[in-house]
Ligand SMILES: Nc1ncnc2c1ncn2[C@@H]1O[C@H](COP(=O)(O)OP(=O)(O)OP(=O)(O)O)[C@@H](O)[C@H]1O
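First, one chain by itself: the form predicted on its own, in structure tokens.
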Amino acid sequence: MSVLVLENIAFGWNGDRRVLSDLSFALEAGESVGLIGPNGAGKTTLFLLCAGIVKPSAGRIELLGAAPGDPSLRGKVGLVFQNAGEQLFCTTVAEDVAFGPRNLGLPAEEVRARVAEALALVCLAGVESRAPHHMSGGEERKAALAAALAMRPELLLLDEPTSDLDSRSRRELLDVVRHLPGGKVIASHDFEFLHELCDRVAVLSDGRIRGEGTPAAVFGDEDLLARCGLELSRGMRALLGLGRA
């Protein structure tokens, strides 16, 4: 069953159709898909379309059987932006994480339980009373993820989730996301993270999906990556056994 379907999507800021053009993509239930592409390829724009924040100029988007913005999707789609701190607007971390469950009308005891559970998942237990904007960039990212997880979404969209994370936090995030139920799309330049986590990787360039397959197949196709303005790090080449960089 597909939890996310995009068919022939076109979009451009201020009416310009060049950001995304005739893009089609699908995500199956429980699947983790990495989304890669050069800067400006439209990865963040694609997430904004899925969240219903902007609307496509052409094409169809379906999430969990409904259109973006449909009331039935409340709490079912989680999105963590690249600039995660922009999603934190309350005076304490606990209030930010509680905001979504509280607005679903859940009982106070259930809200408290979800806050504790989500903060524990991202290894932020004990920071409930801290002010989000007095935290490091990595801690802000964890808090924003906790706010999304507290909703227990069926579809999770993560935009550059390893940005600002040290190696320990990156490993903790990998373990958290790997064990989450539901479908996940992770846009990232951290190819090693995607290689370890995802079932499939899709390459977005010039407004379209230019290739997709298993992480090993996509990252091993250096001609495809080069055509899309991407290249492998030395560490990634070594991981794939591609010889010296």
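Quick note: we count residues from 1 along the sequence shown, nothing fancier. Worth saying up front: this structure is predicted, and the values here are computed from it rather than measured.
Below: the form predicted together with this ligand, not depicted.
- The stretch in contact with this ligand in the model of the complex, judged by heavy atoms within 4.5 Å, is 42-50, chosen from 59-67, 205-213, 42-50, 190-198.
- The closest heavy atom approach of L232 to this ligand in the model of the complex falls outside 4.5 Å.
- Under a 4.5 angstroms non-hydrogen atom cutoff, this ligand in the model of the complex lacks S163 among its neighbouring residues.
- Contact annotation for P38: at least one heavy atom lies within 4.5 Å of this ligand in the model of the complex.
- Taking non-hydrogen atoms only, N83 never approaches this ligand to within 4.5 angstroms in the model of the complex.
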